[in-house]
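Two versions of one and the same chain are coming, encoded as structure tokens; call them structure 1 and structure 2.
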Structure 1
Amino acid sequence: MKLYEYQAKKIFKDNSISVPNGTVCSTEKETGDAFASVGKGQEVILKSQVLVGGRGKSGGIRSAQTVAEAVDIFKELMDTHIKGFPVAKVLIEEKAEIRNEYYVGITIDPTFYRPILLISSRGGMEVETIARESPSALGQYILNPRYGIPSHEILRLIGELGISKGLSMPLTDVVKKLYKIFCNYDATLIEINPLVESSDGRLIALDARLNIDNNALFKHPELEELKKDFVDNKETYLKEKGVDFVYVGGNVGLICAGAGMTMATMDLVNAMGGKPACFCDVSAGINPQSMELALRTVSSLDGIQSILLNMFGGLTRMDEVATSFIAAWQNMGGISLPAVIRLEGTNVEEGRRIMKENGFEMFTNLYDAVQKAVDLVR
């Protein structure tokens, strides 16, 4: 479960990590009130609340110097989609006077299956970009959960990165608190980017990310209140409707049956020169409603140029898949994107017949279907 920035910052603040003074808004009146209470007549920062990165590059973070400007920007942001996701709310914060920017994060290392601490002297950049373009600016330490993070290892990284000695103890304190949150909330990722040194020498979490392992949510009844704010979280909403969905940002939209088939199809699209846009598995319950939900979601993603429906099933009947797809397609009035369809499995001949009668070309070979979807993009 991904938390919105404002939700993560509340947890940070509760754990004594400094965050900017701010308030989250969902109406124009709240925006006007927030400008007065947060900015006190000075410049404020308006930040779109969406569960994807790259908001700044997509115009999702703006500044305003008057109440009228803040309200106008709020209305613009609320009508914006960032990487296919609608803006849920807008966080209005005081403007920070920045001296330096840093990056601090903890996630799970896929090689050692242990938490890994990442610190960089180049905050504001994506950690993948730092690792690729400036590896010497990124310090890493694989944690042993039995011992946590020894202070001397944090200090070693700070020294190697050339970070001011005056920040050694404050930065070590922030890292220790982040790891405490990481463990207490069963997180898969916790990140501050950027962690800024203000003009008065304080360390402030200017941004905040916190992803929590879905399998551990039963241990955290205190998060139920947060989950109420996930109306616009596609992944959470679709999961409740029987559709497993993860957006990865490509140009070929996938709708498949079964997690293994979905991942295999993603790999094939990538191998054949395309870029899969999402993981979308509808096998939990195929019916016209879930199929329409999946089709609407995938077809609305930014950058989509073709859709590949790849269905294979034993218990899943292909005639039911075809009937559900046609019903969803007709209810939507069709879509402007080309669709490539492959069915294989139980009652497949009947399923193919239904598709062909409704004007859809059928593919029997997986490689041919994937190649067609990729070619349509080209």
Structure 2
Amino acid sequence: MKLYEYQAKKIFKDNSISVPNGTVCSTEKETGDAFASVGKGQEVILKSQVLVGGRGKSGGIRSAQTVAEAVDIFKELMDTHIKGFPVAKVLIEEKAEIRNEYYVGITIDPTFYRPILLISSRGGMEVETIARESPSALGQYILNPRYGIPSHEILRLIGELGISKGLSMPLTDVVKKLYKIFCNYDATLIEINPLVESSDGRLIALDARLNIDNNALFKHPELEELKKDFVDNKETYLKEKGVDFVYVGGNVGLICAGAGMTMATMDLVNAMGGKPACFCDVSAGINPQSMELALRTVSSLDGIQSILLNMFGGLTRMDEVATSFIAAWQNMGGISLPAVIRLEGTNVEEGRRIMKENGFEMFTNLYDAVQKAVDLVR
């Protein structure tokens, strides 16, 4: 679960990490009030609250000099999608005087499976870009979770990166607090980018990213509260109903079971000349409801010309898949798109019988099925 910037900043603030003065706004009225209270009549920054990176370059961060301008920009931002993601709210913040920008983040190292601390003397750009373009400006420390992050290791990184000695204490302090949040909130990623040194020498989290492990949400009922502020998001809604869905934008609508199989099918559709419309994995639980939800979602995508149901069952039983598919199909009164079905694995013969009884041809060979689905879009 990714938190919005303003939600992450609330948690940062609760843990004594400085953030700019700001107010999150959902209405024009709130925006007007915020201009007065946050900006004290001076310039303010308006930031789209959206769950995707790189919003600055996409025009999601703007500044306003007057109330009228602030309200206009608010309306504009709320109406925009950023990289396809809807804007939930707009965070209005005071304009910070920036002397220097840094990057600090903690995530899980993919090689040692221990927390890894990343610090950079160049904030404000994506850490991937820093790593690629100026690796010497990025310091890393993989830590023993038993002992947390020793201060002297943080100091070593600060020294190696040539960051001003005057920042050693406050930066060490911020890192220790971030690690505490990382552990307490079961985070997979916590990041401040940029962490700015203000003109009066304080360190302020100008942005805030906090991703929580979905598997650990049951330990954090306090985060459930935050969900009510999430804007309607098709992916999140579907995920909660057992359908793992990502829109990609092609003409062959996929419904598969298993992440690997879904990706392999997408690759195969591509390779055989089609364009997959989506990643859609229903393996979390196959029943008439989830199948109908998947069918409705996929069949309503723009530009879709065929539907491909592809599963190889182990835990998933093919007779249940067939029954669910038929029930969903019938409940929807049929769909006007051609559906190609490929089932293999546990109880496949029973699945074939059910499909046949209901008038569906069924493949067992994956390649024949993908070929058929791609042929249908030509």
Partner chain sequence: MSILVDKNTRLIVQGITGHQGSFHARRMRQDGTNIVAGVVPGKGGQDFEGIEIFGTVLEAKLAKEANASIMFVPPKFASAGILEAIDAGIEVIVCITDGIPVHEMMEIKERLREEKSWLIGPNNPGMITPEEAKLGIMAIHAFKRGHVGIATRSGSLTYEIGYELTRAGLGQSTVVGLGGDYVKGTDFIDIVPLFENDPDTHLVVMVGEIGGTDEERTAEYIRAKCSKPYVAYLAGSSAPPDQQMGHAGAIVSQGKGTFQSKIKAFEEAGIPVAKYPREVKDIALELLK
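Reference numbering: structure 1, starting with residue 1. For clarity, a rigid core is taken as the largest C-alpha set superposing within 1.5 Å between two forms. Because the structure is a prediction, the values reported are computed rather than measured.
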### Query
Two forms of the same chain appear here; which of them is the form predicted on its own?
1
### Task
Inspect the rigid-core superposition and answer whether the C-alpha of E357 shifts by 2 angstroms or more between structure 1 and structure 2.
yes
### Query
After the core is matched up, is the C-alpha of N193 off by 2 Å or more between structure 1 and structure 2?
no
### CA of G41, rigid core aligned, shift of 2 Å or more between structure 1 and structure 2
no
## Note on the structure
Rigid core fixed, the Cα of I326 shifts between structure 1 and structure 2, in Å, by 12.9
### Message
Rigid core superposed: how many angstrom does the CA of C280 shift between structure 1 and structure 2?
### Response
3.3
